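The chain below stands alone and is given as C-alpha cells, in the form predicted on its own.
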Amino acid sequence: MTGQPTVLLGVTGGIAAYKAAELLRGFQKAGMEVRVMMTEAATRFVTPLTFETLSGHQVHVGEMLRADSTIAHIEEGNVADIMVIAPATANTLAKMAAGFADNLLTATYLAYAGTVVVAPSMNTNMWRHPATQSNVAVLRERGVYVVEPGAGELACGVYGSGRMADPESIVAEVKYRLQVERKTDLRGLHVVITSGGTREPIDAVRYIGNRSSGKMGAALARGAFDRGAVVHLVKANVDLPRAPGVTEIETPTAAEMYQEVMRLLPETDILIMAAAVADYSVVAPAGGKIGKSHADLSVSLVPTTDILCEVATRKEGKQYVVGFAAEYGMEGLARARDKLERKNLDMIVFNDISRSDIGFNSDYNEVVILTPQGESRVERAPKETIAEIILDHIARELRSRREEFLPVT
C-alpha cells in the first residue's frame, strides 16, 4: 500500500452516530483520507452536511447510481483501502450476516472485497441477544473484524455493554489492519497454538492458577489465520472474543491441554506453546468444597507433564516448535536460552513478567526471540504487532528450510 490510505466510513442509525464525526477526525489525524456513506436512519441523528464538511467529499446516502453514471456501491469500494462501519446497529449487522443488500451501505459491503471492520452500538439486551451474537459470530467467521462495544451508561439510561468503542480504539484497530500486509506465507500449513493459563483444582471451588489472559495466543492465532494457515487454538480459561476462522478447543487443566496437543501433533506443522501451563497439580482434589474447619489444611502437589519435553520426543523433523518463557526479571533470559537447547525447540520467546506494563493481562508485550541461530529483541509494542514479528521469524525460517532442499540449477 502506498500513499494516503482511504477509509470508507459507513454510518448507521444509532445514537452513537454523533461519535462518527469524531472518528472521522481521528482517521484524518492518523493520515487517512475518509469517504462517508450513511443509511437513511443515520441522517436523522447527524446530517450528511456534517460529514461532507469534515471529509471534503460528497456523502452518499441512498443513491445507487451517481450523477457521473458510475455505480456508487462499486465505485466507492474500489477506491477504499478498508471499510469501517461505526456505529453498526443490530439491524445492519443482521443484514450483513444474512447477505441483504436493501440499501447503499449493505450493497457496498457485499460488493467490497477488502478488509471490513465494524464497531457495534446498541442497547445491552440487544447486544446480548442470541440472534445478535450469532450474527456477529457469522461475520467473524467470514473475516470481518469486530471492535467490541464497551460497558457504560447507554442512551436508554441502562448501564451495561453495548456502547460503541471509543474512537481512539477504532482508529488503532484500523491502523493495525492497514499496516499488516496480507501475507500468504503460512498458506496450507496446520498451526496449533496454546493460550491462557491452566487451572489445577484443589476442590470443587478453588484452584491453582495464574494471571495469563490468553491475549498473546489469540493475537498469534488471528495472525496465522490471516496468513492462510489452518489454525487450532487450544485455550485454557480465556475470556476473549473468538478469532475469525480459528477452531478453538477449551482445555482448562494442564492434563487436558497435554492430551489435546498430543492428539493434534501428528498433523501439526507449527506448534506455538504460548499458554502458561501450571508446573504442578494437586494429587487428590476434593470432590466438594473444603470447609474452613480444616485449619491445618495441606495440599500435596505433583509435577504436571512438561508438554514441550513430550513434544520433543515425539515430533517429526518437519514440525517447527515454539515455546514461551515467562520469567520474572531479565535474569530469566539465561534460563530461556537453556530451555531452548534442553527442550530441543526451534524458537523460544522470552518475556519479563515482573513488569506491569507488559505481559500478563496487558495489551502490550516486549520480548526476546531466541533461535539456535541467534537472538532478536523486540521493543514494547501491542501484542498484535509482537505476534506478526514472531510469525515473520517463523515464516522466514520455514522458507530457508525449504530452500535447502531445492535442486541446484
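One rule holds for the numbers: they count along the sequence shown, beginning at 1. Fair warning: this is a prediction, and the values are worked out from it, not measured in the lab.
The protein also exists as the form predicted together with a small molecule; that form is not presented, and the subsequent description refers to it.
Q. Which among 92 to 100, 285 to 293, 324 to 332, 129 to 137 is in contact with the small molecule in the model of the complex, heavy atoms within 4.5 angstroms?
A. Stretch with heavy atoms near the partner: 324 to 332.
Q: Give a yes/no on whether Asn351 approaches the small molecule to within 4.5 Å in the model of the complex, heavy atoms considered.
A: So Asn351 counts as contacting the small molecule.
Q.
At 4.5 Å between heavy atoms, is Ala274 in contact with the small molecule in the model of the complex?
A. Yes, Ala274 lies within 4.5 Å of the small molecule in the model of the complex.
**Q.** Interface membership of Thr247, the small molecule in the model of the complex, 4.5 Å heavy atom rule
**A.** It does not: once the small molecule is placed as it appears in the model of the complex, Thr247 has no heavy atom within 4.5 Å of it.
Q | Partner contact for Asn365 in the model of the complex: the small molecule, 4.5 angstroms, heavy atom | A | Because a heavy atom of Asn365 falls inside 4.5 Å of the small molecule in the model of the complex, the answer is yes.
Q) Can you pick the one in Ala278, Ala243, Val144, Met164 that has a heavy atom within 4.5 Å of the small molecule in the model of the complex? A) Flagged contact: Ala278.
Q: Note which of Val192, Ala224, Met216, Val174 lies within 4.5 Å of the small molecule in the model of the complex, where distance is taken over heavy atoms; exactly one does.
A: Comparing distances to the small molecule in the model of the complex, the residue within 4.5 Å is Met216.
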